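Given as structure tokens, the chain that follows is alone and in the form predicted alone.
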């Protein structure tokens, strides 16, 4: 059995790396993350033309129809460059539609996601950030043929850039009675506001719903609307995607530190010769390779073995949450505190590691979940 990437996947990696190195080096990333949009519409259109936005979209809806392992390759490389874009938000919206939408709903929204003309985000979390059914307090009540939603969603990726939102809401008092609906950004009662994030390459916002009327055909699913298990699976996809970006970012940060160690002179010698520098760099490498092993199997499970996916996704995300944070902190220390300054790129990787640590469940949440699933 071949456990490596296919030739086509390695070609995809090389193509993405070439694109980002030429069009989005860290100097350009700094400009993009400080722009009003928080991403580059021009580069977004180019990514759509290359087919990357439709990687998971079925071919009949204008996509490429590839797998989660292929997407992992793309996310690793965008993570390596700390590339700011709504890619993660749109990817999760694609998954929500592919797994829970009707054929008509998929035809309505997936082509626009594949060609980049529409940006969809997911609004699944609320102020207390609980990844469980009781974490959804947004309510939906029936009025005729419409659903009236009221609530407030937090941590919505690229909220101000989105045209539509996939929103989770509570249908009744039953514990697992949580569903998904697609809401138009311009609908009456919808308010969107940016929120500050430690990582300015990642834009987030708050979505406020004040008696928003949602047509019945915008509730995902037909006779059996999406319930909590479907939303829990969406959280698994999100955690895996964040981990894939974390692997690339950790490798990018590690390469940055190694290069600094090869150039920085102290006491008449390059600091890379000292054990106090070499050993932490070696430990970073081992941590990155360990995350990869867990992540790649988790990505395979999301497509091929869904019953195993929750366990291995949580194992990968838990390890990445702690290991990447250590890499970010050690990178600052090995720069001799200069890494804290705005001029040095090491602080960008530290900030990404701090964001990764809590995004879609921190290490405590996922280790507890691993224990519950029998992984210990």
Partner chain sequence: MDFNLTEEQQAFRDEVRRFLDENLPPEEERDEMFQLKWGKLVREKRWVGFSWPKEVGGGGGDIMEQAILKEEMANRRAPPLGTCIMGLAWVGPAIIQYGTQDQKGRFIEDILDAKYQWCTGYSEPDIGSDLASLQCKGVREGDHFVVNGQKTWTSLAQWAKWMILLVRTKANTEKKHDGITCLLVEMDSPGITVAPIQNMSKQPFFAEVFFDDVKVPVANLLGKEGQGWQITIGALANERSGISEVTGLLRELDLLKELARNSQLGGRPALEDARVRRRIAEYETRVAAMRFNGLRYLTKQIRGEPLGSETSVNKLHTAHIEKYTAEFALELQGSYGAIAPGRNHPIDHGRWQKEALGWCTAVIGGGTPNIQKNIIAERILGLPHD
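Because the structure is predicted, anything quoted here is derived from the model rather than measured. Residue numbers count along the first chain shown, from 1.
What comes next is about the form predicted together with the partner chain, which is not displayed.
Out of the listed residues 130, 163, 278, 141, 278 is the one that sits within 4.5 Å of the partner chain in the predicted bound form by at least one heavy atom. Out of the listed residues 286, 103, 193, 265, 286 is the one that sits within 4.5 Å of the partner chain in the predicted bound form by at least one heavy atom. The stretch among 292-300, 185-193, 230-238, 165-173 whose residues place heavy atoms within 4.5 Å of the partner chain in the predicted bound form is 292-300. Using a 4.5 Å cutoff between non-hydrogen atoms, residue 346 does not count as a contact of the partner chain in the predicted bound form. Put simply, residue 319 is close to the partner chain in the predicted bound form: some heavy atom of it is within 4.5 Å.
For residue 272, a non-hydrogen atom is located within 4.5 Å of the partner chain in the predicted bound form, even though that partner is not displayed. The closest non-hydrogen atom of residue 261 lies within 4.5 Å of the partner chain in the predicted bound form.
Applying a 4.5 Å heavy atom cutoff to the partner chain in the predicted bound form picks out 69 as the lone residue from 47-81.
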